[in-house]
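Next up is one chain by itself, shown in C-alpha cells, the form predicted on its own.
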C-alpha cells in the first residue's frame, strides 16, 4: 500500500445533495479516506452564471489539491455540466463528473425509448444530459425540465410543507406529459424528495444517477490500483451554516459532528 493509495477521495457539491453520492461511495469503499466540501455560501448553483460556477469549482479544486486528494468527485450535476470541460486538464488528480460518467450507463438501459431529465436550470440549459446520452444512443428521446426550487426545498428543510409538495407535483406532472420510460433525478439533492415523488409516480420509474456513479468510481480506482485498505479519517467542510448542513444531511448521512467552516 503506497502513500498515493492513502490519499483521500474528495467530494463537492453546493450543499447536502452530494451526500447522496458520498453515502453510496462510502458503502462500496468503506476503507477510503474522504473529504467533503459543501459550498453552502453559494447555494444554489443552478441559478449561477458559467463564470461564477467555474470560479467556485476552480477554488474548490485548489483546496482539494492542497489536501493531496487522489481523486475528486464532482457530486453536482450543475458543475459537471458547466465546468468539467474547462477544468479537467488543470489538475493532476482523477476527476469524476457525474453527468458524463453515468450517461453511458443510462443510454444502454434496455427498452428505453423516452427519458425525462429533471434538473436545475443551469443543467437543463446546458443540455448536458441529452448531449451525452445521444453519444451512446441517438434513438432515445430526451425531454428536459427545470426544477428551480427543488434544491432550496431540501436545503431549507421544507420537504413536508404543503407548498413544497405542490411544487414537486407540478414539475413531475410536466415530466409525465411526455410519458417517459424513466425519469432521471438530475441533481443530487432530488433523491431527498423521493417520499414525495413516489406519491405521484412509481418509485422504479426514477433513476438516481448516484448509484451508477458510485459503482463507476469504485471500478476506476480499482482498475488503476488506487484503492486504500486502511480507513483513517473523513472530514466535512462547508463555506457557511454548518448547523443547517448537519440538520439537512440527516436523511442520507449522519455526521458525527458539525462540519468545519472553510473559506476557499
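These numbers were taken from a predicted model, which means no experiment stands behind them. Numbering follows the first chain given and starts at 1.
FYI, the form predicted in complex with D-glutamic acid isn't displayed, but the following is about it.
This chain lacks the partner; the member of 151, 184, 72, 133 within 4.5 angstroms of D-glutamic acid in the predicted bound form by a non-hydrogen atom is 151.
Of the listed positions (236, 45, 64, 213), a single one reaches within 4.5 angstroms of D-glutamic acid by any non-hydrogen atom in the predicted bound form, namely 45. Although the partner is absent from this view, residue 117 stays clear of D-glutamic acid in the predicted bound form, with no non-hydrogen atom inside 4.5 angstroms. Figure note: of the listed segments 83-91, 188-196, 174-182, 161-169, the one touching D-glutamic acid in the predicted bound form, with heavy atoms no more than 4.5 Å away, is 188-196. Residues are counted as partner-facing when one of their heavy atoms sits within 4.5 Å of D-glutamic acid in the predicted bound form; in 198-217 not one qualifies.
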